[in-house]
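The chain below stands alone and is given as structure tokens, in the form predicted alone.
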Amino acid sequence: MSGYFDHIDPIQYEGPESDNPLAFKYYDAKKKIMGKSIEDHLRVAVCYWHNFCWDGFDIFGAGTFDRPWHGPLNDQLAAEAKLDAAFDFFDRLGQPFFCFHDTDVMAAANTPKEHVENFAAIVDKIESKMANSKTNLLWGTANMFSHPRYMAGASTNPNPDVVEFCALQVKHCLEATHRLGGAGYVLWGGREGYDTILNTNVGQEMEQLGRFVSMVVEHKHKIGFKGDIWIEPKPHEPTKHQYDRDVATVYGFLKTYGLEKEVGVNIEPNHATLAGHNFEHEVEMANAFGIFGSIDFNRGDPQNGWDTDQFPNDLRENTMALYYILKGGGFTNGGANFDAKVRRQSNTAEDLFFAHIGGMDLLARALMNAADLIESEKLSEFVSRRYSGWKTGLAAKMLSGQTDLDSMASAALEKNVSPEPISGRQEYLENIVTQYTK
């Protein structure tokens, strides 16, 4: 135990009538929805970086959290204190998973050898912690964006020496994820892009990125890792233009390098809005392409044009996201990771719990709403009727490649009738969603 959370009892489900702020109102882990428990549907994870690494610092001011593990300890002792705090938090919150970057958990390193040694030392301790906890690893990832060596990218860097260090980090983090039983591994290209095209050979960098991701997949199979590999789309920030802008862009990249059967996507709502999309659009695009993997649940602020990583609180938005997640078959190896951080003014131990309790309750409500929508079939029946003409006749032949442009054009001439527009009934459908958002 870390001592920092000793005054907080394990979080229990008390139901919607409870006024206890340190209790779940809707997240009843074992409650069955569409034949599966809420816990198994959502596969909630707590992220290591925002909760245990960030000290509340921003570009305008110093850290505000004053957590004990941020104090004057040497790097290895600080890493171990942070690990104690993290698992103390996990065990009290009771969520099934956590996620980490390599540099989140380890002592700082200056050389490749030191990196390998320090990471290996803490992975041993994580494994020991997991052996005495019910919390499992959802996914791991390597931080290849914070250190100055990555200022011009990781695998897309003009300097091959940087790419070698990048390979070192991914190799060891992927192997650690495998050893710790992780369900997936995320490649977040935080600086895989450019700030100005004037100094950038885009074709060269895309070739580097394509080959690097291919090597990650090859290594996955070499070590026998059965989890998924996911790319996390983001349009910009920290670079002006990133190569993994959105789901469709990632799919085009995967198709180009023959990776569409090997790699999926880890979608973040705040990244979707930065790309000019809404959350459910990105989920359904991933379903359509067959690359849906996992979610980093958070939200942005409509008044801010950057990635604010706030805990989700929009019930309608998350109802629709979970509707399309369920329609696509739900999570398999992926899950609902809260890639979110408390605000700088929320600086107590209780605030970490309030944030996660609220997020888990919101997702549980959204899940129940989404399940009700699916079981009502009101949206799906409308969509099915709207596209019913494609199931037979020349339209079906077009989709199966059994007709050509001449035949389609001839059919229009033979009918000699201008098609009548048919209402899409957007407002009617929006009213249905409002009815089921409760």
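Quick caveat: nothing in here was measured; it's all calculated off a predicted structure. Just count from 1 along the sequence shown to find any residue number.
We do not show the form predicted together with a small molecule, though everything after this point is about it.
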Answer with one of 246, 307, 175, 205: the residue that has a non-hydrogen atom within 4.5 Å of the small molecule in the predicted bound form.
-> 307
With the partner omitted here, the residue among 115, 220, 101, 344 that in the predicted bound form has a heavy atom within 4.5 Å of the small molecule is 101
State yes or no: in the predicted bound form, is some non-hydrogen atom of residue 82 no more than 4.5 angstroms from a non-hydrogen atom of the small molecule?
-> no
Answer for residue 268 alone: is it within 4.5 Å of the small molecule in the predicted bound form, judged on heavy atom distances?
-> yes
If you check in the predicted bound form, is residue 141 within 4.5 Å of the small molecule, heavy atoms only?
-> yes
The small molecule contact in the predicted bound form: residue 145, any heavy atom under 4.5 Å = yes
For the chain shown here without its partner, which stretch in 229 to 237, 161 to 169, 256 to 264, 107 to 115 has non-hydrogen atoms within 4.5 angstroms of the small molecule in the predicted bound form?
-> 229 to 237
At 4.5 angstroms, heavy atoms only, are 4, 52 and 91 all close to the small molecule in the predicted bound form?
-> no
